[in-house]
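Take a look at this single chain, the form predicted alone, given in structure tokens.
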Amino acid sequence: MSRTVVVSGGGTGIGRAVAAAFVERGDRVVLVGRREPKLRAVAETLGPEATWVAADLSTADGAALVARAVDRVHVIVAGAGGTSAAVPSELDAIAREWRADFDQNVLTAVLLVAALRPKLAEQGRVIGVGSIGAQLGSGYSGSYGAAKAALHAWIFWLAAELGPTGATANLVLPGYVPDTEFFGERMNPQFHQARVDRTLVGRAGTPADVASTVCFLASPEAAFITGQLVGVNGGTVLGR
């Protein structure tokens, strides 16, 4: 049976790969993000089973807009996020950086799921996308890793909330995945190699690596997996 899957952050990188993987499995996908041209381009590439909604999920209005666009949802993939990777020194700049990272990494997930929860099918699936930065402590000002760490407590609470309906909630924690917009101007050969060297498998991750894990957690085979942090990091972080 074809399912309806909502994927936030679906216009680029990991979100785009997740959307493509669900379409390949015969599901209908609703791409969500702030940049309409990116979403439209991805939807056109994926074909008639992909639609899109341009919305700022850090706002209640943006989340409500997505909820109005779907009647029933079987899988929610909360993949929106990012950081400016700034290292501010002035107090007002520090406050702006931390609030911005919380908004784009935590509120985007919390508000999307809250808006769609009344439409979530029994035995539905919620999969958040966290980061290895929450486990290692991100560099820069620490705001990105701290924001992603907040998703851990949220997913544990959500799993308990959804459990009585048979629905599950899990958090995927990608490691180093360079084929995204995340690293921007920070990327160079030395930066890349240092992160590859931290893995046990000797390579960087790919969006498809993460997408495969997300699809598994959304499958019937994963019905007894909930409230878990699932690392997809090539062994950079072990067992936690």
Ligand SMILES: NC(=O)c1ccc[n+]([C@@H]2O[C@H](COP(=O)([O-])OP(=O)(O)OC[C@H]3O[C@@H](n4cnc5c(N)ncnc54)[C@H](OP(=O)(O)O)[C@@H]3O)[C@@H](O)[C@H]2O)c1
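Every value quoted in this text rests on a predicted model; they were computed, and no experiment measured them. The first residue of the sequence shown is number 1, and the count goes up from there.
Here the subject shifts to the form predicted together with the named molecule, a form of this protein not shown in this document.
So in the model of the complex, are R35, D56 and A80 all sitting within 4.5 Å of the named molecule, heavy atoms only?
Yes, each of R35, D56 and A80 comes within 4.5 Å of the named molecule in the model of the complex.
Where does the named molecule sit in the model of the complex: which of 57 to 65, 211 to 219, 41 to 49, 23 to 31, heavy atoms within 4.5 Å?
Only one stretch passes the 4.5 Å heavy-atom test: 57 to 65.
Quick one: is N170 in contact with the named molecule in the model of the complex, heavy atoms, 4.5 Å cut-off?
No - in the model of the complex, heavy atoms of N170 and the named molecule never come within 4.5 Å of each other.
Test of understanding: in the model of the complex, would Q104 fall inside 4.5 Å of the named molecule by heavy atoms?
It does: once the named molecule is placed as it appears in the model of the complex, Q104 has a heavy atom within 4.5 Å of it.
Report yes if any heavy atom of A19 sits within 4.5 Å of a heavy atom of the named molecule in the model of the complex; otherwise report no.
It does not: once the named molecule is placed as it appears in the model of the complex, A19 has no heavy atom within 4.5 Å of it.
Give a yes/no on whether V129 approaches the named molecule to within 4.5 Å in the model of the complex, heavy atoms considered.
Judged by the heavy-atom cut-off of 4.5 Å, V129 is in contact with the named molecule in the model of the complex.
Sequence-ordered list of residues in 206 to 223 near the named molecule in the model of the complex, where near means a heavy atom within 4.5 Å
Stretch hits: zero.
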